[in-house]
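Coming up is one lone chain in structure tokens, specifically the form predicted on its own.
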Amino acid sequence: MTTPLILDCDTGIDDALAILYGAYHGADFRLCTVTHGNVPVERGTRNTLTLLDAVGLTDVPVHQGAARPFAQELHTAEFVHGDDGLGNSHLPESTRQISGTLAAAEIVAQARLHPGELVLLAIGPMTNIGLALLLEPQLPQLIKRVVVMGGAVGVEGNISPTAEANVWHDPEAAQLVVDAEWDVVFVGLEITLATVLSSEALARIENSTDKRAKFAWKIMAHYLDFHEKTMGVRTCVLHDPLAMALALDPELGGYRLVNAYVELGQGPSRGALVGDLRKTRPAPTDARTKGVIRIVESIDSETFHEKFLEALGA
């Protein structure tokens, strides 16, 4: 079984690992759209083409999108992902051309062509998705399901004390996604931190002779260095691969519906995704309601890690 997928990304290292996971585990990439985030959008677009070519998906169209957020300056994260966004691996770049249509317009076009069929997976800032919602108010009715890597509900952030990076990079766009009346899962830090790779798993990747593992290991070194400095152990967190896994196989996770909003003020909590976790308030019952999202409460981490290693041939 395959899952028809629109992937919206800002291709850095964990986006690359997510693409590798999806290519092995049944993602039918109908198109990839690229936004600012880990790196400038032009670099992310080239990286996306390079990754798709590396896994043999040379016919998947790639559409460049938003170069900056709605209402704040551009910020990127080369200190995490390397100057080239792929761990300073300096891989030979794809010679393919990007597709001409702008990302948000193509998301709308494909949703109209295939109503109720497509899963939308966003693993970068949500500017392209916000723009698509402004272009087509009926988009929530046209998309089957939405999975977002973003947020830190009830836990500390990774770019500020309260905010996760993908939401923080464009809070206004994230609020549009929260407010849209569709079934949206936010795969946040409250669950992605359960995906830390063990030393045994890293050894399997490092020692594998499979070309997928060798490719992954080359781009992961910089990522491991960064996490070793911040976490005190040589490891990494599989943020985007987990979102990809849940887009393809929702049964890997357990979910909770919550009322939510994004903090849009200019203070230190800007960009925080706030979920109402109070047990004294009635829980929402309809996912397709304005301001209601799903968060991931539990994950079969053992199965996920094994599937991730399988995808790399490790």
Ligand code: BDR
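Note that the structure is a prediction, hence the values are computed from the model and not measured. Note that residue numbering begins at 1 and tracks the sequence as displayed.
Here the subject shifts to the form predicted together with the ligand, a form of this protein not shown in this document.
With a 4.5 Å cutoff on heavy atoms, Asp170 does not count as touching the ligand in the predicted bound form; it lies far away.
Of the heavy atoms in Asn47, none are within 4.5 Å of the ligand in the predicted bound form. Under a 4.5 angstroms non-hydrogen atom cutoff, the ligand in the predicted bound form lacks Met126 among its neighbouring residues.
Taking the partner from elsewhere, Asn158 is found to have a heavy atom lying within 4.5 Å of the ligand in the predicted bound form. Checking 160 to 168, 228 to 236, 196 to 204, 128 to 136 against the ligand in the predicted bound form, the stretch whose residues place heavy atoms within 4.5 Å of it is 160 to 168. Shown without its partner, the chain has Asn38 as the single residue in segment 31 to 51 with a non-hydrogen atom within 4.5 angstroms of the ligand in the predicted bound form.
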